[in-house]
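Take a look at this single chain, the form predicted alone, given in structure tokens.
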């Protein structure tokens, strides 16, 4: 060793090189995923934002958010000029111009109007789905975590729940279509021909004929689909609460339910809200379950109209529109530039809706975490 050489200087070795190579590989993979996400979301925003705004005052395209989808009528005149307008405006224009020459007329379904119906329908499906799924999921998680042991049967039940989380959504869709749409019980005055069987209850009948394609059937199907994720996440958050909390509660004379309600659930709430985020992001983008159990393409009324005119049961048993199915319908249209604004705007609005639900859940989770100190 020479006099000028520093004895404390770190020497390069193959181990250090492999460490730096590993860190670089992990970092590159992370930033590549972020780059892909930014690229995808940026492209959706770039194509969808022009539909949200217009060149003249008030600059915000309020009609896009307040009107239902309509048919777009497209035609040419004798000089070859191309015209297009919504179906309602086309009928008015046709009455005012009976002698106008219309050549090559064709229609683009749901390429005009707005997304008010699909937007409200998606929000209702997610809202009622999460109410059902959280009620059942948290109850099941409490039972598995606090009341059950670790025997072979319970391990088999937990394994079954984990396996259900990987079942394709189309399987849940067919299950919901068969059970909720065609076999669920309902009280009616007259038994329908499609009823599996019925029981007489006074002047009415309990008929197993299903709820049909409806908001209730779609919400229950989505709830069953997301239950495995919610049960697993909630059980893990309940198990993460220190056992000393339970022991201290028992030492003060509390019952097991009082201990769960006062000493366990409040501290597991952030994890439960995390499960809510996972559930929302899972169900909000599903197309197959709502396509078979909840949606109708020809519906023009808003869901709240049934509640005002026919009552609560009619509200839950009506079909609704939904943004995922609306986007799917638009994607099957012929490749026409006139349908692109609706396609891009609906996709961007759907992305914002899912992000909005997730953001609300994350904010609530963070606020709860700040209040809990343990």
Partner chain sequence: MLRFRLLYLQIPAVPADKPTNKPAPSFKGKRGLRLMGLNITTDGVVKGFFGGNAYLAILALLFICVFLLKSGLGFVPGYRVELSEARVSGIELTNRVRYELTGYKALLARVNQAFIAEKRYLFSDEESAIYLYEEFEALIDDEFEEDIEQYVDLDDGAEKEAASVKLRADIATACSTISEKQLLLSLARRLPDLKKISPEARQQALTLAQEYALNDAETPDAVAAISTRISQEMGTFNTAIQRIKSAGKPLSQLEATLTRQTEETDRILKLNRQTSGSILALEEGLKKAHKRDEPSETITAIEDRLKKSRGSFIEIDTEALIQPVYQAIQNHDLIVDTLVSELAAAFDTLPSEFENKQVTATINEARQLNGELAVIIAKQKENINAWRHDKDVNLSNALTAFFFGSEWQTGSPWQNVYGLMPLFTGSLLVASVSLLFAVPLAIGAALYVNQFAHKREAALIKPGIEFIQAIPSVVLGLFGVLVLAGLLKEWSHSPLLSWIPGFPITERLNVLLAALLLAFMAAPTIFTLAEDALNNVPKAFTEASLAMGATKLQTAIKVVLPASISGIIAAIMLGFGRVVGETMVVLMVAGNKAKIPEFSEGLGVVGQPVHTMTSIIAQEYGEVTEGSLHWQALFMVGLVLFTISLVINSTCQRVLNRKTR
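Positions refer to the first chain, counted from 1. Keep in mind that what you see is a predicted model, and the values were worked out from it rather than measured. Note that the rigid core is defined as the largest set of C-alphas that superpose within 1.5 Å between two forms.
The discussion below concerns the form predicted in complex with its partner chain, not included here.
Engineer: Out of 232 to 240, 219 to 227, 85 to 93, 114 to 122, where are the residues with a heavy atom within 4.5 Å of its partner chain in the model of the complex?
Structural biologist: This holds for exactly one stretch, 219 to 227.
Engineer: Using a 4.5 Å heavy atom cut-off, which residue among 101, 201, 131, 167 comes into contact with its partner chain in the model of the complex?
Structural biologist: That would be 167.
Engineer: Between the options 269, 186, 277, 171, which residue brings a heavy atom to within 4.5 Å of its partner chain in the model of the complex?
Structural biologist: Spelling it out, the residue with a heavy atom inside the cut-off is 171.
Engineer: Using 4.5 Å between non-hydrogen atoms, is residue 182 touching its partner chain in the model of the complex?
Structural biologist: Looking in the model of the complex, residue contacts with its partner chain include residue 182, since a heavy atom lies within 4.5 Å.
Engineer: So in the model of the complex, does residue 324 come within 4.5 Å of its partner chain, heavy atom to heavy atom?
Structural biologist: It does: once its partner chain is placed as it appears in the model of the complex, residue 324 has a heavy atom within 4.5 Å of it.
Engineer: Is there a heavy atom of residue 59 lying 4.5 Å or less from a heavy atom of its partner chain in the model of the complex?
Structural biologist: Residue 59: no contact with its partner chain in the model of the complex.
Engineer: Even though the partner isn't displayed, in the model of the complex is residue 54 close enough to its partner chain, meaning a heavy atom within 4.5 Å?
Structural biologist: No, residue 54 is distant from the partner.
Engineer: So which residues in 32 to 50, when you check its partner chain in the model of the complex, have a heavy atom no farther than 4.5 Å from it?
Structural biologist: Heavy-atom contacts to its partner chain in the model of the complex: 32, 33, 34, 36, 37, 40, 43, 44, 47.
Engineer: Rigid core superposed, CA of residue 166 - does it shift 2 Å or more between the shown form and the other one?
Structural biologist: Shift of 2 Å or more: no.
Engineer: Kindly check if the Cα atom of residue 41 is displaced 2 angstroms or more between the shown form and the other one relative to the superposed rigid core.
Structural biologist: It does, since the residue 41 C-alpha is displaced 2 Å or more between the shown form and the other one after the core fit.
Engineer: Using the rigid core as the reference frame, would you say residue 311 shifts its C-alpha by 2 Å or more between the shown form and the other one?
Structural biologist: Residue 311 C-alpha, core-superposed: shift of less than 2 Å.
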